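Encoded as structure tokens, the following chain is the form predicted alone, with no partner shown.
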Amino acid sequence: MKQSLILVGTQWGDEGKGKIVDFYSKKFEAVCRFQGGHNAGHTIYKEDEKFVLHLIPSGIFYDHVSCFIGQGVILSIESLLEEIKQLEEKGIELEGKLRISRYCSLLLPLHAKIDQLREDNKNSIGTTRRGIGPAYEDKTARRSIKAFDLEDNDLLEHKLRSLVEYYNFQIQNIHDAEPFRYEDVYKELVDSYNQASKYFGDVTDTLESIYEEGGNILYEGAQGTLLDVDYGTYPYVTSSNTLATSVGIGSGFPRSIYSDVLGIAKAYTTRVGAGPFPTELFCEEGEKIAKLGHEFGATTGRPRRCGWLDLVALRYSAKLNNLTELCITKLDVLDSFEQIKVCTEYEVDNKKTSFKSRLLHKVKPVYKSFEGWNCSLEECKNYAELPDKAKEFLEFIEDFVGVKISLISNGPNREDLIHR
């Protein structure tokens, strides 16, 4: 393994990245989140306690690990403070361990309100309604409030008044809703920043120092490759670039792109919200996967759509991210299936096609079937102990995608991992 490791999701998010980041964090001096916002949710079980983190890197549970939020993240200070409170109530101290880039664009409550109003109309695309899209729009349109704006009151007032006026025009002329009061927006923002200000600093310089001194850095992605705003199933995507190649931009440290890349994939496929999903199951098998996999969003609680593992999409993700390793999660969910399928080809009008987002809504999946192993994987502690049928399934994935499977999750707990 190189000095740095990038960890990304290879499907539509929800691949179990939090547990894997937690597993790897103990080997690193620093963990950095480089994109996305609090629409992501990483679930971690620590000594039978469940933690759901939306912004703070999963390495926060290790005393020796410094945690960073890079400038590629859209930051809700309100959500951040809720997470900090949750962790501190459990005895996890963050001061001196957590640093957030002062170059982060901020997500305000007004962004969430606009997102909700948009999603309530007939053109809904199934967002988390947390304001991520409008906040990223502001960033691209150069009207974002940056964290460093809170250090200059005159600049803050000028920018914030313009932002409130911009959204009040939409509120009154498009959505026919109650306008925002500038005074309320200003007070709420300043109050929340004052509570969190001690965590802000220069992330890039600190990461560079850690790297130069020989420290190892783990980069934690959010969402998944198929939700990338440029390479995913547009328009049913998130608002950021979720690929490993965006880590240099999101962290401000370009040398971080010369890293090993670990891709996380479930042993089946899920997605939340609207959008094409070739292997989606509308039958008892799909319901069984959802029930056994507890497939509900960590952030929204929404039920996830479930289907067989899509290897065409996984191979596409492996290529885009230049994966060097693969981790398969939730293998145990398939313990009781008589037959397990994977998609190996797409067909459109009886012709084979590769992964193309513009065609995905009309492709027909072609499956290969495997005999199930029909036993619990719970007691398996190493690869040799896995049933032959499970190994056959995993090795086919490995050969098809062309990337070695180095880690397998065979249960929900921290220790339920098989390292190859």
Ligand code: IMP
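For clarity, every value in this text was computed on a predicted model and none was experimentally measured. In this text, residue numbers run from 1 along the sequence as written.
Beyond the structure shown, there is the form predicted together with the named molecule, which is absent from this document and is the topic of what follows.
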- Message: Can you work out whether residue 113 and the named molecule are in contact in the predicted complex, taking contact to mean some heavy atom pair no more than 4.5 Å apart?
- Response: no
- Message: Can you tell me whether residue 309 touches the named molecule? I mean in the predicted complex, with a 4.5 angstroms heavy atom cut-off.
- Response: no
- With the partner left out of view, is residue 58 within 4.5 angstroms of the named molecule in the predicted complex by any non-hydrogen atom? no
- Indicate whether residue 160 is a 4.5 Å heavy atom neighbour of the named molecule in the predicted complex. no
- Message: Based on heavy atom distances of 4.5 Å or less, which listed stretch (268-276, 90-98, 319-327, 203-211) is in contact with the named molecule in the predicted complex?
- Response: 268-276
- Check, residue by residue, if 13, 40 and 238 all come within 4.5 Å of the named molecule in the predicted complex, counting heavy atoms only. yes
- Would you kindly say which of 143, 175, 288, 302 lies with a heavy atom within 4.5 Å of the named molecule in the predicted complex? 302
- Using a 4.5 Å cut on heavy atoms, which of 77, 313, 132, 334 is close to the named molecule in the predicted complex? 132
- Query: If we check the named molecule in the predicted complex, which of the residues in 278-295 reach within 4.5 angstroms of it by a non-hydrogen atom?
  - Reply: none
